[in-house]
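Read the single chain below, which is given as structure tokens and is the form predicted on its own.
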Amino acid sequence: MRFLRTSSAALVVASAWLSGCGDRPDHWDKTVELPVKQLGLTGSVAVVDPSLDRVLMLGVASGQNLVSTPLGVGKNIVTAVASPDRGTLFVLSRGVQPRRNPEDERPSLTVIDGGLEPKRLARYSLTDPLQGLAIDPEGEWAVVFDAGGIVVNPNELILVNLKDAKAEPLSKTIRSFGGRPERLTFTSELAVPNGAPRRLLIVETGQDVTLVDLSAPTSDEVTIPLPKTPTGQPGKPAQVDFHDGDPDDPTDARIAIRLANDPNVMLAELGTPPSNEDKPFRVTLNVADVGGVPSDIAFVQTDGGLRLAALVPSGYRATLVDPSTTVTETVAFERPYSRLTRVTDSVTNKPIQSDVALLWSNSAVGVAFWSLGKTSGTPFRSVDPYDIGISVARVTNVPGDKYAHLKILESASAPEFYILDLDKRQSFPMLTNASGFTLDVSPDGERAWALRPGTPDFASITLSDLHPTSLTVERDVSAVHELARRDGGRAVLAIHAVYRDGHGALGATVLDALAPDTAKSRFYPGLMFGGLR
């Protein structure tokens, strides 16, 4: 049974209702499945309720007044994913398996608006149950893959055009030589020799890489075979990156492929096809040895032109590869940095012709700024290490433009995290009273929320002045989500998920996000029990 903590008077009323109206609805006897999957969106919090084939969208009307909008989705929910901007929710369901009657529900993909007025935007019926879901960061496509039926086509992709709710999902089977799709990457627009610029879907399988033209998804895809390992086993892609090259040159768009446990990286150029081929581009492959197994790759702009940067932590260095010639140059580091991310666009006074990258590692304390332009006449070697008290496992971006120059640096185990100012090149430690904290940045980019799950303790950090506000509520908290209120303010929901007497229960405490105060909070029990009262 679903728990509802309420007053004795309410129980009397409920008993009278049951005795006077017959048996209660069957769904009241459904158990709440724990752990409860929940996703914070811009104007609501989505709570996935598989036992009732629905998603409960929690919002705040004004003050601490919580409102609940239950939205039905397909039977047998497989996964739920939020769009990168947290504005939309995607729910993939298997339907009734096996289908024995015509009315048995088919697999489906449901698209839900996660704003102030949650509603179902579209629902796409699928022919077969699939388990994988990839969402285009530009909001144009969703791709369903990874078949799980009785007879499966592991190389089938279902492409859903999110810009046209009336368009039927498109089935596409990619050619494969023994692999199956594992990771999907959507490119930005890439200029090609024949035709308009177009976006590609890069599909990584267990042993090759496939390019699908999203401007003409029914056209033949391009399969890039990978070299075999020294032991004769098929090569396996570990990471891809892409770059459009010179904006005035439609023949130099490139895709880089990092191979698992291999010192070689592959460079695929989308160049001019032969005159007798009616194709938008032709893929030309080159291979470069970067001197060790790389842990991360990224295209970067230098004063010498475009390069592929490959980090080789075992050698305390990076290798820069000229994609046109595959000539390499080595840059030495003081520490074995294993991850990099371009932060050029996050810097207020960004360089014009070159990139700035942030280097970090989970096995080395500190971070470093890597300037890819010339410094004192020495190319590519301006590496400025910054000592902080932790090794970094995760770098979190701050949404929006106002505080885009801030990055949040988290450790895998340390009881502290850092806020890094890219403009000032300063880091600010934020100490916690124990390890195990999780961090989430508000959708408006104004605050961060730190929580130690399973405790009643959490805190807000105002990013304008780094002022923390510590809070302790009466019940243990499993997650904290900030969202916009319908009256124009902002609220924060502390979600309480408990397992008691063999059953799950879900509650929430609502506070004002701009001035959080537990003395001015409101607790809601039994969120999954027949809606709010």
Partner chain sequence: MRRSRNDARVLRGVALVALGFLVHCADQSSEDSLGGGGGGGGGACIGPGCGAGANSATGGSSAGGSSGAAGAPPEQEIESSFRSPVATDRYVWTANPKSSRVARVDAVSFETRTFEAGYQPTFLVAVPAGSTGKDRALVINSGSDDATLFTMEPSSEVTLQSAPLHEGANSWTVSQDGRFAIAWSNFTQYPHADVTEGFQDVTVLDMTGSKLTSTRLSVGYRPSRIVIDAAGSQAFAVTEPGVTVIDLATSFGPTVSRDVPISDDPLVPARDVEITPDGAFAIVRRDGSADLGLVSLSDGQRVTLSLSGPVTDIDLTADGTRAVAVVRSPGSPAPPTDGGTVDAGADGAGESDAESDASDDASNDAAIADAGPPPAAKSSEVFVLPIPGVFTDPSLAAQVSIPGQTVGSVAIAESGTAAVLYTNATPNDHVTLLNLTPGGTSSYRTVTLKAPVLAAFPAPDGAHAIVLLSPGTGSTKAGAFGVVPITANLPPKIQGTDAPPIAVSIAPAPSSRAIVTTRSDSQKIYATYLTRLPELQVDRIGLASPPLASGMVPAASAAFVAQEHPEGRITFIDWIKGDARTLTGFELGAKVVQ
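Residue numbers count along the first chain shown, from 1. Quick caveat: nothing in here was measured; it's all calculated off a predicted structure.
Beyond the structure shown, there is the form predicted together with its partner chain, which is absent from this document and is the topic of what follows.
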{"item": "4.5 angstroms heavy atom contact with its partner chain in the predicted bound form for Ala288", "value": "yes"}
{"item": "Its partner chain contact at Leu409 in the predicted bound form, heavy atom, 4.5 Å", "value": "no"}
{"item": "Phe428 within 4.5 Å of its partner chain in the predicted bound form, heavy atoms", "value": "no"}
{"item": "Distance check, Phe458 to its partner chain in the predicted bound form, heavy atom within 4.5 Å", "value": "no"}
{"item": "Listed residue (Ser413, Thr325, Ser215, Asn362) with a non-hydrogen atom within 4.5 angstroms of its partner chain in the predicted bound form", "value": "Thr325"}
{"item": "Heavy atom within 4.5 Å of its partner chain in the predicted bound form - residue from Val222, Val293, Leu126, Leu162", "value": "Val222"}
{"item": "Check all three, Lys228, Glu269 and Arg282, heavy atom within 4.5 Å of its partner chain in the predicted bound form", "value": "yes"}
{"item": "One stretch from 134-142, 444-452, 273-281, 336-344 that, in the predicted bound form, holds residues within 4.5 Å of its partner chain by heavy atom", "value": "273-281"}
